[in-house]
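Read on for two forms of one protein chain; each stands alone as structure tokens, with the labels structure 1 and structure 2.
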Structure 1
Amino acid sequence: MKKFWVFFFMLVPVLALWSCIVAPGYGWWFPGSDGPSKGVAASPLGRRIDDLFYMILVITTITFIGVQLALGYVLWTGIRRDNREGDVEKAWFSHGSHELEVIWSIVPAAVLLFIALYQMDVWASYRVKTHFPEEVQNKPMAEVTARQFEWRIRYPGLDENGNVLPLMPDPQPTDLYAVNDLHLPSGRPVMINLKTQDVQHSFFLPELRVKQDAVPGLVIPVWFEADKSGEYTLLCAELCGWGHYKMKARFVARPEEEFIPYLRELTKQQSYDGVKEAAAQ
């Protein structure tokens, strides 16, 4: 019976490793694993974040395997000694060992320090505004305001020559609006200003590995870059109330040459008052 429990405890980590190995094939891995991207981030910065994840995964996997092997060795050795007739060897207790306390305090601290230093460059590119790509700094293309339970998007309007006006901090008469439908150019970095009108929400583009909390009272710049044109999922990653599920929206990455025509179409929709149709009737 003792051997059964040894094999049982060793089977659990084996199953854990097996599930990690087969997970990508079943779409259980990164967001988008069951889509055309096969779990690969759809943005350059997202792929750097994935690399960090894999680096941490390798470290924790090595640690996990080592700990489980040590556990199995201890259990198996304990059984063998327990079965020997006349075995009077006393148990050895490590509690209170100064050397071991120093070792298992310094080694994890060194690993954590290495991870902290290794990821600083990616973290700065993602969060520190002075490290944003130069072409997006102080040039937000849209303002995204979260509220219970939708995403309200405000674009700057177009001038008389059809050029995009700068996005002002406060709403302007020429601004354009959409709900749960964010459109921005693909193939280059873009930046939005993120706000919330009520509680805390979280702006989440899983395929691009973008996640940023929207905090009441703050305007938070967020930049990202979609490699390819297409439709991506936009979610709220913060449980924000009973209608949290309603905040599933979409982000459409358009070719650069299609973005201004989209704003023109939005202008036409918002300027339409139905007068022409009323006269025809």
Structure 2
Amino acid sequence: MKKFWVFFFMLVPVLALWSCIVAPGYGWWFPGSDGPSKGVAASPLGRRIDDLFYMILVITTITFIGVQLALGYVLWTGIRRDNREGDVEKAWFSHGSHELEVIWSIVPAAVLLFIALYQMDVWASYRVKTHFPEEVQNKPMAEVTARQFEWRIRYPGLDENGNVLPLMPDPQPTDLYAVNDLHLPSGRPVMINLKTQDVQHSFFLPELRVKQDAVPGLVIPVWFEADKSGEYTLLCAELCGWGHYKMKARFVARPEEEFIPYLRELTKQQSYDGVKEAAAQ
């Protein structure tokens, strides 16, 4: 029965490893540009985040297996010591070892410090404004306002020559609007201004590994880049009320040359008064 318990505890690492190995096969892994199961992030920064994840995964897996094996070993030898009937062996009397303490403090400290410093870079390029790609610095392409329970999108309109106007902090007469449907160019970094009108929400693009809370009273710039054209899920990741789960929207990325025609189409729809044909741009 004692041996049973040792095997029982050793089931944990075995099952944990097994489930992590088979998981991608069942699609229980990162969502990505090529469907839920393949797990390759659809943006360059997303892939750097994934790489960090895998690096930590390797380090923690090694630690996990090592410590679980050590646990199994000490439990197993503990049985042996207890089983010698008649000649009961005493436990090893030791108050510890200074050398071991030093080793198992310094080694993890070094590893942890490495993890901490190694990723600073990714964080900086994700969030620190001065590290944003040059294309997007102070050039938001849309304003996304979260609201219970939808995403309201405001694009700057087009001028007479068909060029995109800069996005103003306040709504302009030329602005274009959409709900739950964010269209932006693919293949280049883009930036949005994130706001909320009521409670706190969170802008989450799982396939691109982008997440940013929308905080009442703040305007937060968020940049991302979709490598490939396509439709991505946009959802809310911060509890915002009973309808939190249904704050579903899509992010459509398509080549830059198709973006201005989209805005033109929006202009057409919005200026249509229902009677006469809208003036062609």
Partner chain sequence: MSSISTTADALHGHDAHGHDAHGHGHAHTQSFISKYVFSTDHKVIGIQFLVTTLLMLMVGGALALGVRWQLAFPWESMPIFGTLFPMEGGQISPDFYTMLFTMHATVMIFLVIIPVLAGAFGNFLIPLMIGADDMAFPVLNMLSYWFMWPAIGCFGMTFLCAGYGAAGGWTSYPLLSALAEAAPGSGSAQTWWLFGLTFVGVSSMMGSVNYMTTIINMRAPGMTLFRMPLTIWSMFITAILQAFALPVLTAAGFMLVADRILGTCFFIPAGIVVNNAEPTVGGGQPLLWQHLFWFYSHPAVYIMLLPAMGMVSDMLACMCRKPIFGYKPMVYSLAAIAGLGFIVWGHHMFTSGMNPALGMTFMVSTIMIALPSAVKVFNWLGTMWGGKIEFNTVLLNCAAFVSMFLIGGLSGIFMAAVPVDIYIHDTYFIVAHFHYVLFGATLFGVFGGITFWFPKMFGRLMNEPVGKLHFFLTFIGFNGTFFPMHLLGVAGMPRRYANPFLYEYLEHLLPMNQFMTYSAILMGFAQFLLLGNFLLSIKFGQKCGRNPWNANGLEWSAPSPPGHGNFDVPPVCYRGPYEYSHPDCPEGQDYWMQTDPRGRKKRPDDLAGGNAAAPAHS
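Here, a residue number simply tells you its place in the sequence of structure 1, counted from 1. If you superpose the two forms and keep the largest set of C-alpha atoms that fall within 1.5 Å, you have the rigid core. Predicted model, so just to flag it, every value in this text is computed and none were measured.
Can you tell which of the two structures I gave is the form predicted alone?
Between the two, the form predicted alone is shown as structure 1, not structure 2.
Please say whether, between structure 1 and structure 2, the C-alpha of V179 moves by 2 Å or more once the core is aligned.
The answer is no, as the C-alpha of V179 shifts between structure 1 and structure 2 by less than 2 Å after core alignment.
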